[in-house]
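Below sits a lone chain in structure tokens, taken as the form predicted on its own.
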């Protein structure tokens, strides 16, 4: 972690109500139970956010497990100045630790995360993800609302039984909208002919149609569809991205820092994809303003040529944990202050906190 001396790690559990339920093929949620980290160094403090969900339905990680790993294994090693790589796996827990340490280091240095990562944009195009709804009317109303707000791209969650008809209805309503779909691994290669029906709707991409370990299936599907294949859960590192590209399993990559183990590895994934001419975009995990700020810094890198899932604060939270991010002409400003450029609002933080634990080096 750059040799920084950490003198305290605070683990804070929060419970953030969502402004509306969010349903995908993998899960449905009304609120976000999240783990925040605050690290203290002699020069500064920094914040990190773990994106693991409440249950292991998206990846094997889940928030209680991440909490345990940080408390029992990562925090003691960090406080002792030891490398965290000796702890196998747990990329979301490690990403939260890295985020907090980077925030503290960069605050002490007076440098923004955007500049540290190599960002080149002062604002990024914002996209929005629309979960599975109860009926087509509700879906169309939701999409109409986001288009009216100015979002530059809409992503629809799909699953067997909820795909061709809703996508077709949205496309008919919004013929010029930048539109893509996300399956969260809900299909298999046996569904290839059915998925090919989505080619008629001029989609920007279809995201993660098959299981995360089915690179060969994705490569075969890519040969059978005109719609570009984008991988999400399959991309766990820069090496995984290079392998998927070499196999022809994807033409687009969704980068989520938590999934790959942190923002430094996310930058490496970006670099691999950029060298291969593969466009990338920044995925979202219902982050609070802390994670949203870090995602904006990542999305400011030059290879992020597609709008991502970095939405305005009001899409998910009211109030947000930090000063809210507000949409202006379909874009969000990238924070330029030291570190993340944002901090939690004390009143909101206090109101959503359910538990706090502080870990210090042994006396």
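As the structure is a prediction and not an experimental result, all values here were calculated from the model. Positions refer to the first chain, counted from 1.
Although it is not shown, the form predicted in complex with ligand OSB is what the next lines describe.
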Given the stretches 42-50, 308-316, 65-73, 324-332, which is the single one in contact with ligand OSB in the predicted bound form, using a heavy atom cutoff of 4.5 Å?
308-316
So which of 180, 112, 184, 234 reaches within 4.5 angstroms of ligand OSB in the predicted bound form, heavy atom to heavy atom?
184
Identify which of 94, 267, 107, 157 has a heavy atom within 4.5 Å of ligand OSB in the predicted bound form; exactly one of them does.
157
Looking in the predicted bound form, is ligand OSB within 4.5 angstroms of a heavy atom from every one of 22, 207 and 284?
yes
Quick one: is residue 198 in contact with ligand OSB in the predicted bound form, heavy atoms, 4.5 Å cut-off?
no
I'd like to know whether residue 304 contacts ligand OSB in the predicted bound form, with contact meaning heavy atoms within 4.5 angstroms.
no
Consider residue 143 of the chain shown here, and say whether it contacts ligand OSB in the predicted bound form, taking contact as heavy atoms within 4.5 Å.
no
is_contact(residue 229, ligand OSB) in the predicted bound form, heavy atom dist at most 4.5 Å
no
Applying a 4.5 angstroms cut-off on non-hydrogen atoms, the residues of 110-135 near ligand OSB in the predicted bound form are 129
